[in-house]
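Form predicted alone, single chain, as structure tokens, below.
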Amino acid sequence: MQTFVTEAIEWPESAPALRRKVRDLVDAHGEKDPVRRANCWTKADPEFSRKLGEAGLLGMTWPKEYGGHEMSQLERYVVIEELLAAGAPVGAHWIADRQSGPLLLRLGNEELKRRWVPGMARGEIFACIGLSEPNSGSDLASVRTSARRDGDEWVINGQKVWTTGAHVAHMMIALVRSEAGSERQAGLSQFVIPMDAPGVTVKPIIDLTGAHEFNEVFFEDVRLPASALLGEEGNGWKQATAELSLERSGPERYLSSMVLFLELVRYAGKHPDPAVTQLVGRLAAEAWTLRLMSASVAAKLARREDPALEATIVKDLGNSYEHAIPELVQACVEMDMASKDALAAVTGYLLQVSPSFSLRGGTREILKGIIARGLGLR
């Protein structure tokens, strides 16, 4: 595909030291349970997030003025790749570090930046995203949650759903309808909502494994100061879709099942069955290609280019890859799924949760439409 031009990545000289630093932190504190280590960017551990903040591994590309460390996008990529490959519990700070902090720095007024960003860099303030709403599926333009201007304040009413990490988050960046009577992408704005504001209620959604990752969030006459508006009034759709580029291209889009791949490699070492060896080779080759594509997007972001199409392609291909791993392992290896063996336990867990991989950050159908438009096919 000529549209996606990968490039030879020149990893920074600091990469080996950064990898060693992350591995030492994970060894000292990281999660040992192989099931907990799978799909780790949804597993919250605030204490571990604070340790990363103390070590200067959060807000790495942000200005020092706001608690950041002014390092490069590729140095940050090295760190998050190491964290995900090790299965570190990074869910608490993930959204703040990945997109809410950068969005505040780009569009936020000085009050918003000073209030939220330094705490995010310290690993003490966590964020969630208010996009999806009930009965809307992936149609983000059908937003019904409203913001009504009342003097110097905004009043928020409505509901968000499938909100990852809202139960540990301190703030939400929400897309709401700020112009009464507007439709679809028009009349939308983004607001920064403190999760402890009066009128905000969070209710858990427990998945079929018993895990608490998603939530419903209700807003009942939540009053916000005028300064809570993020960016330009009415420009929320453009801002939110640009934000999704930060969400779609990272290594979390193909590493959710990496712990299972590592367990398969260990199994293959003891039982060098040709079919297992062939599967290990296939999965390694695909992971290497996805890594090159994902890192190429990071390099484009570092050059301040807009890789929205490339990021969407990475998410689509990456989700297909991480979704396929547990099914391929189950088809290749005879195992007792009720046993306590690590390979069986991780396979069983991922078979249950992997159908959701293609939903978060945009369903496969939505992504195909974006890719088709990017290629000039619609």
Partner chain sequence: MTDTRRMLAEMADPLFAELGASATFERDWSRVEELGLPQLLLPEAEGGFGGNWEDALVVFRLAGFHALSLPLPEAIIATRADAGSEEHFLIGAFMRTAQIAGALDAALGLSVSYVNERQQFGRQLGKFQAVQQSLASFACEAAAANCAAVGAAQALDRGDARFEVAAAKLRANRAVGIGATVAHQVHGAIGFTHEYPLHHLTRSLWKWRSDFGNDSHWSAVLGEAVIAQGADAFWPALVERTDRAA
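Remember, predicted model here, so these are calculated numbers, not experimental data. Numbering follows the first chain given and starts at 1.
As for the form predicted in complex with the partner chain, it is not shown, yet the points below apply to it.
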Please tell me whether the candidate spot formed by V143, V161 and S358 is one where all three residues come within 4.5 Å of the partner chain in the model of the complex (heavy atoms). no
Tell me, please, which stretch of 164 to 172, 218 to 226, 143 to 151, 283 to 291 lies within 4.5 angstroms of the partner chain in the model of the complex when heavy atoms are compared? 283 to 291
Pick from T241, Q99, S296, Q73: which has a non-hydrogen atom within 4.5 Å of the partner chain in the model of the complex? S296
Listed residue that, although the partner chain is not shown, lies within 4.5 Å of it in the model of the complex (heavy atoms), from F191, W94, F261, W116: F261
Does any heavy atom of E82 come within 4.5 Å of a heavy atom of the partner chain in the model of the complex? yes
With the cut-off set at 4.5 Å between non-hydrogen atoms, does K203 touch the partner chain in the model of the complex? no
Using a 4.5 Å heavy atom cut-off, state whether V265 contacts the partner chain in the model of the complex. yes
State yes or no: in the model of the complex, is some non-hydrogen atom of L52 no more than 4.5 angstroms from a non-hydrogen atom of the partner chain? no
